[in-house]
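The chain below stands alone, shown as structure tokens; this is the form predicted alone.
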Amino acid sequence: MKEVPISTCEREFILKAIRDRKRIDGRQTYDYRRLKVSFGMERGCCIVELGDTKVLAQVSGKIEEPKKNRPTEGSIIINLELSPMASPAFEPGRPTESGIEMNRILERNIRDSRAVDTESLCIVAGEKVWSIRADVHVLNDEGNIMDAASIAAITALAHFRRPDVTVMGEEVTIHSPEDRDPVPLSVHHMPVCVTFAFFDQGEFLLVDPNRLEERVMDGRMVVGMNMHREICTLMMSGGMLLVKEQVLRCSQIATVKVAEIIELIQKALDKDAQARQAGEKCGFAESVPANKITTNKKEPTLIDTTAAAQQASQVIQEAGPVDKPMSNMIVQAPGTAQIGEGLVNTWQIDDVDMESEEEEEGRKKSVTNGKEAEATSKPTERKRPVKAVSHADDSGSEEEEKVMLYQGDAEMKSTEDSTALQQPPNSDKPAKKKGKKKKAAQK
């Protein structure tokens, strides 16, 4: 599957940003992306993450016959695998030109620079030697595979442990990890590659180019260097010409970057060794950050309410005193009262019912108006309720406690109560009758 070509607008945008000393991911010219090194449960398994570029390296070993021209030396084999999982531009089972070129750079950087002592891999001269193989798999390609692959390969070789071997005459015994501790490889130095991308015929350069920057660059230069400032490999590609000042400048930048990367690798190796010695959990699962999303728990946060309190106090000060509404109590029927007129409830009321209610209200108003007219024609003095108290003594007086109420306001009493309260206060016949009944009940 061919890679989708980049558009002209996108190309011009990236080049313009580079000319303005800017990068699309916010980095500076000589900045690397975030580098993370993690190890697996087995020895010799390493994953390197350079930004979004991810590379896996796995080291294995086996015993085989040495080469005839080098009977006392083992072999180091490095294989770089570019699968379609990393990028759709890679085809399965068919190495691309760029893949072959990167594989050769890795071999020259590690094997040809004598980073690993091959003579220490000899078991029996001319008969049996260790063959160490480092398989580097690109899991995701987001630019600068070369640097991530070189870091993963040398870190996996330094992390690998081979079984211990004992030679007794012609008998060769390979000890298991339970019998004897595995033996690490003899790594003399750690060569690391640093990639430079050039633009506008070498006028501008960037360190650690990403995928988009690689697609618009004019050429690149890969510098392999170790901690001792020794150049292990140097490769240039692309149709451009560089002067020696530019090459020296790149080598000086690579010296600083290589020292930082090797220090990070050494810290990762020491941390893993301490965790394994202490019996702690180690591996890829432990290196993944535990990001938990909880919906029922939230950390308390402080909220500044000073501005809201000031605004509320200002509103209260500006607002005047609230007038209390004056509501009169209206008696609609005996034993009921209403404060305020309220509204008419029209929920599910038919028009016929509404008309009948309006007619009834009209009749009530006419009756009350007539009574008010009578009351105004004959003004009466409002009287307080009179309480007549009588006691039933042993002398035989028959009296009973009774409360007499007189109507003082026509609006506060109904028509039926007004007729009953108009009896004269001196009529004590009903009281005597009730008194007799009470006396008979006592006997």
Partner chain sequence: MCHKIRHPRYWLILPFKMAGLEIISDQGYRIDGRRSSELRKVCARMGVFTQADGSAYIEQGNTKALATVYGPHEVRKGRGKIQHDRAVVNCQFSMATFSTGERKSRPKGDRRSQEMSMHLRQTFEAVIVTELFPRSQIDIYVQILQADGGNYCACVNAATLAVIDAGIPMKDYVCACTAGFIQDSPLLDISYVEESAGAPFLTVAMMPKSEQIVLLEMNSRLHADNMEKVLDLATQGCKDVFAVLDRHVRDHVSESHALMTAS
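The structure displayed is predicted, hence computed values, not measured ones. Residue numbers count along the first chain shown, from 1.
Below, we refer to the form predicted together with the partner chain, which is not included among the displayed structures.
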Contact check for Arg104, Arg229 and Lys244 against the partner chain in the model of the complex, heavy atom at 4.5 Å: yes
Contact residue in the model of the complex, chosen from Gly283, Pro71, Gly238, Pro182 - any heavy atom within 4.5 Å of the partner chain: Gly238
The single option of Lys128, His137, Arg161, Arg114 touching the partner chain in the model of the complex, heavy atom within 4.5 Å: Arg114
Residue contact check: Arg108 to the partner chain in the model of the complex, 4.5 Å heavy atom: yes
In the model of the complex, Met85 touching the partner chain (heavy atom, 4.5 Å): no
Any non-hydrogen atom of Met225 within 4.5 angstroms of the partner chain in the model of the complex: yes
Heavy atom of Lys267 within 4.5 Å of the partner chain in the model of the complex: no
Stretch in contact, per heavy atom within 4.5 angstroms of the partner chain in the model of the complex, of 150 to 158, 207 to 215, 93 to 101, 275 to 283: 93 to 101
